[in-house]
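Okay, so here's just one chain, in structure tokens, the form predicted alone.
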Amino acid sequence: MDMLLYRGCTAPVRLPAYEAATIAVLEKLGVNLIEFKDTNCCGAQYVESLSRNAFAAMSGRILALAEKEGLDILAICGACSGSLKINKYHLDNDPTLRDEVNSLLADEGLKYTGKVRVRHLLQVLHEDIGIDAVERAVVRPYDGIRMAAHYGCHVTRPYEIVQVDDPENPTILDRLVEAVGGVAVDYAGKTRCCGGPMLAMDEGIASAIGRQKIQNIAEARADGLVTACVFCDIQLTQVQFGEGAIDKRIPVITIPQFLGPALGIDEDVLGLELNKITPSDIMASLQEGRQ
């Protein structure tokens, strides 16, 4: 299966290991990610709050470029995935908005007609590949490492549009953790925001929200935290440094970085050495290879 990889703005600059690990893991599982050229920012949050039409045009251009290539989009950032899906929904259901966006896109010879799908990484792993297939591909299972899952607001909400997982009781990340030998740990406030979207308005409140989530995870005796969103990964890492941080830092690791070693992918390929909090204890729980 071929898909266009939409990196977004933040992942290549602040979390390149997420992109590298995604490419390596999906290739191992039979998905070929193709470079998505000449794209732009999706307009998430900040443009969205200022101009609906500008927001729709920015995401609409990305959707139209994918249509031109004849391939679906894989968005690894939760905010990007949410933006593209929300704008696709409005463009598909609002002919006036679609006409306005297409009039702008016409200057580049582009047109959006609704033929492209937007997929978040969790959808690809769960629906297109299947968790059973992930489990069958494991060659070095984890020995019961305790992992907490953080899904991210934009990945699962609003469900009627994004349709990734139940926003009140998501399970995909937990099932993936268990598929490779880990133990999925439940904890208080599991579906709450990481606080990241508040950073531009009130850094103190944003950090307090993130620290509370980390505290809850620590109290649940988790060895690590697995994420599926660029912004959430960055936020839940950085709140563990500086004033108010807990004594023992909890490694934050993206889902492809966690799956990769169990699938036999070299840790260097997955960019694990780039993680600000080393996941060495997590990697130490890998068992010997199996056939």
Partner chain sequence: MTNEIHTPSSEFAREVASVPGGEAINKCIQCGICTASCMVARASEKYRPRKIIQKILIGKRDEVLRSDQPWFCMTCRMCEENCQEGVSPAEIFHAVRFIAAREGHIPNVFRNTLDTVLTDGWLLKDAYSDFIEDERDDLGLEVDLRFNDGFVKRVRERYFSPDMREAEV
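Here the structure is a predicted model, which is why all the values come from computation and not from measurement. Numbering follows the first chain given and starts at 1.
In what follows, reference is made to the form predicted in complex with its partner chain, a form of this protein that is not presented.
Peer 1: Examine residue 46 and determine whether its closest non-hydrogen atom to its partner chain in the predicted complex is within 4.5 angstroms.
Peer 2: Residue 46 belongs to the contact set for its partner chain.
Peer 1: Determine whether any heavy atom of residue 53 comes within 4.5 Å of a heavy atom of its partner chain in the predicted complex, and answer yes or no.
Peer 2: Residue-level check for residue 53: yes, a contact with its partner chain.
Peer 1: Do residue 246 and its partner chain share at least one heavy atom pair within 4.5 Å in the predicted complex?
Peer 2: No, no contact at 4.5 Å.
Peer 1: Heavy atoms within 4.5 Å of its partner chain in the predicted complex: does residue 157 have any?
Peer 2: Yes.
Peer 1: Do heavy atoms from each of 70, 134 and 264 fall within 4.5 Å of its partner chain in the predicted complex?
Peer 2: Spot residues vs its partner chain: no contact at all.
Peer 1: Out of 173-181, 138-146, 199-207, 120-128, where are the residues with a heavy atom within 4.5 Å of its partner chain in the predicted complex?
Peer 2: Result of the contact check: 199-207.
Peer 1: Which residue among 193, 214, 116, 185 has a heavy atom within 4.5 angstroms of its partner chain in the predicted complex?
Peer 2: None of the other options qualify; the answer is 193.
Peer 1: Counting only heavy atoms, which residues in 123-147 are within 4.5 Å of its partner chain in the predicted complex?
Peer 2: Result: empty, none.
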